[in-house]
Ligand code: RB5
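Only one chain is given next, in C-alpha cells, and it is the form predicted alone.
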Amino acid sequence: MIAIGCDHGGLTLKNTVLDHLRERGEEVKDFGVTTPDAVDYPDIAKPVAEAVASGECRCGILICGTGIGMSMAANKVRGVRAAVCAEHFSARFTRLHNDANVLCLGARVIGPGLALELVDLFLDTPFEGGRHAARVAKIAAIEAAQTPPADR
C-alpha cells in the first residue's frame, strides 16, 4: 500500500497522482487533503510518514507547493527517508542509493506529466544495496543516537 497526502497547494497534483496510482493497480491510502482550504503541511506529513515508518504502507508520496516543507516534516519521523525530487536523476538515485521511502513533490515546481514520471521512477526503482546499505545504516544510527527532548 502507498500512503499519499498533500496540503492545499498540492491538492490538484495529488488527485492526478492518485488516479495514476490506481491505474497502475496500486492500493493507496489517502491522508488528505480533499478540499482547497488552507492546512499546515506538518499535519499531513506526520501521519503519512508514520504509516511508512510503521510498515503499514510500503512507501509514501507527499505533495505541497515546493515539496520542501513536507520533506522536512516527514524526515522528523524515525525511519523515514523522504526526498524532494524535481527531475529524473534524483528520483531514480534516491531509491538506488538512499533507499528513500517517501517521495516529496512540489506542485508549484513541476507539472503533472513530469510528476507522474517521477512517481513511476520512484516506485519502480529498487534499492541497490551493497555499499549503499552501509550508508543507509549510518543514517539510521545517527537517528537512533538522538536523544528525545525533555518534557517541557
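Only a predicted model underlies this, so the values are computations on that prediction, with no experimental measurement involved. The numbering used is simple: start at 1 and walk along the sequence shown.
From this point on, the text means the form predicted in complex with D-ribose, which you will not see here.
Of Arg108, Lys29, Arg58, His88, the one that lies within 4.5 Å of D-ribose in the model of the complex (heavy atoms): Partner contact (heavy atom, 4.5 Å) among the options: Arg108.
At 4.5 Å between heavy atoms, is Ile68 in contact with D-ribose in the model of the complex? The answer is yes: Ile68 has a heavy atom within 4.5 Å of D-ribose.
Please determine whether Cys64 contacts D-ribose in the model of the complex, using a 4.5 Å cut-off between heavy atoms. Answer yes; at least one heavy atom of Cys64 falls within 4.5 Å of D-ribose in the model of the complex.
Heavy atoms, 4.5 Å, D-ribose in the model of the complex: which of 7-15, 127-135, 21-29, 140-148 makes the cut? Say which one. It is the stretch 7-15.
Any residue of 23-52 with a heavy atom within 4.5 Å of D-ribose in the model of the complex counts; write them all down in order. If the 4.5 Å heavy-atom criterion is applied to D-ribose in the model of the complex, 23-52 yields only Tyr41.
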